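Single chain ahead, written as structure tokens, the form predicted on its own.
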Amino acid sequence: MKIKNYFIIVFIIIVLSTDVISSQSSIEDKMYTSLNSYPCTRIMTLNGQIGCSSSHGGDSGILYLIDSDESYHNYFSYNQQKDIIVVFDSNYFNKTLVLEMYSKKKMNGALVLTDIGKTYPYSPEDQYPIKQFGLYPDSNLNWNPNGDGFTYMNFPFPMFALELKTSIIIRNLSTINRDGKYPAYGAELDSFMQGAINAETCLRRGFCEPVGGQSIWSSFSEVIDQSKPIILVMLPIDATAFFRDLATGTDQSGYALTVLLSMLNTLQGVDKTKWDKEVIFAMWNSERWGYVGSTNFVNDLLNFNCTSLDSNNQNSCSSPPMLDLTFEQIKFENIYAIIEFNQIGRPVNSGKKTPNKLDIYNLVFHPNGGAGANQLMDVFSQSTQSYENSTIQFQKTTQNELPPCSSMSFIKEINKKSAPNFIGTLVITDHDYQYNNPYFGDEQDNSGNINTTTSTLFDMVQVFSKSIDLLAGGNGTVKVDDLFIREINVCLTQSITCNWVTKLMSTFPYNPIPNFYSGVYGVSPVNHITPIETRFIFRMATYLTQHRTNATNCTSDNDCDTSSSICVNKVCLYSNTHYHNAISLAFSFDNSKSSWTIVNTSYPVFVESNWDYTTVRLFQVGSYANEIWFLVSGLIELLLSVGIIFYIKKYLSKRYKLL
């Protein structure tokens, strides 16, 4: 009888436990509200780590708003018995204030509001970005005067930026906290990063992947004619930000990318039969992490040697692994000229007017390579002078050094030669010396940070396209498509959910804000992690430079027979457009361990930590008196419950012999 009764009790316990487990998630949903947010993640370097991480399981605290000098100073005397999550108005989020607050008072985490932008110039990058990997490692120039190096600091607590609507809500709730009202509001921040110590340790443990991505190069020629000189038109494709999901980088890269893709659209309509030079358009990835994409490309042009072709694809190498060997058509010694667009979205008003009363803006030439560079400047200057109402004009820099740019990767290789054959190099920017970009490497380098005069954007495309056509051997007769320029500008600087994305992509972005952080390279040399922005640019370049089509009723790119073809509306489009690996030469893949290793520390070493998920959750907190009352009430209820259970047990045992 007793055994049967025990089974009944066990059954009741199981039923009750199941009910508790099933209701746990609903209770949790009522306790917490998830917020739309963008985490500060952790990156390991050769000697340590940068970025942020929460503790395992997350960190929580009461929200405290810093939105004025008064609230900042009051923070240090804030008599709060609980841990604190600081909510920063963007004006108070910088290296100096965060370090001072953390050093003087415990901070469990930080939330950064994006509803109101900074009212002063600010950059979390260095004052000379990635100087150690450029041409002038000992330079005394400060190209980025607003930089404080915040991006390269390490913080042992989580930090998140909040999206616009969420920022407005959290600002209001944090104000309630600061005013001492109840219920108060707190937040739990969870961004535990698995990587730790440094890059070597993190890779060995399998918790990191190298920062990198895929560069893109494209040509109108079906096959590169190796008897012709090469004009290389290029730019860096990636951008940085403290919160990397918000690396829109509109002046860093997005505006120039708009110009280059619009040039492809313009030049596809010119007569290229007269071109006596090959023109290659290149977009380098992971440049902001040490010119990784351009350096890798130069190294492969000069040193790559395939010892075993892929048996299933003769344009692919199995040892060492390289998915696409088309780059071997390009000979380094054939490069005749390099033209790079690098931060051209904020040209300075010259104070002059066109004949039809429009403002004229200055772009700046940064030449290298003697007579070859002089010829490039002459052609660009003549192109703008021949256009009566051009709203752009050129001036030559006053500096003796090139600004930080991808061209350095090529010039460094030229300088190694005992008898260098100088390549005429021309870097075009919107600044002579110090950056005009007040938010270089910051989340506010967005669509509001560039010249919004459409006539200036149109004129850049017009003048640049005309110049390239003339340099290649054409007659300089070009016609720009204003509508295309407007549309692609929206895609790359405002919303990646534009019409061209819908037309060319089979997937849709989760976040409509364009994000040009390069990301991580991938888990192996042939397993890449390619963001939607990079894939869109590849498909856009393929579409604009297509040389033939095949109506195959394809449903995906796999139905087309080459890696440089794409499927659009059941038609295969073929182009000489290709990805190229953008991974630092510091890394090599160890097949025996299926992991990346560091083999050459003279190249950039940046690896990003893995993580399971990141989240910010809001919850309510009662007053201290209420919490004491709830505790006492709970204890009383517990004691009463225990007493009732003992009484019932005694009664049942005596009356029915059940227990």
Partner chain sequence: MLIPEDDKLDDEKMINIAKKLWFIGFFFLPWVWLINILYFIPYRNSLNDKVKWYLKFSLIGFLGYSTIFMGWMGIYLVNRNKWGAFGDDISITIPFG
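Just so it is clear, the model here is predicted, and its values are computed rather than measured. Residue numbers count along the first chain shown, from 1.
Quick note: we don't show the form predicted together with the partner chain, though the next part is all about it.
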So in the predicted bound form, is the partner chain close enough to Ile197 to count as touching (4.5 Å, heavy atoms)?
yes
Any chance Arg205 has a heavy atom within 4.5 Å of the partner chain in the predicted bound form?
yes
Residue contact check: Phe155 to the partner chain in the predicted bound form, 4.5 Å heavy atom:
no
I'd like to check something about Phe192: if you look in the predicted bound form, is any of its heavy atoms closer than or equal to 4.5 Å to a heavy atom of the partner chain?
yes
Would you point out which of 205 to 213, 276 to 284, 574 to 582, 304 to 312 contains residues with a non-hydrogen atom within 4.5 Å of the partner chain in the predicted bound form?
205 to 213
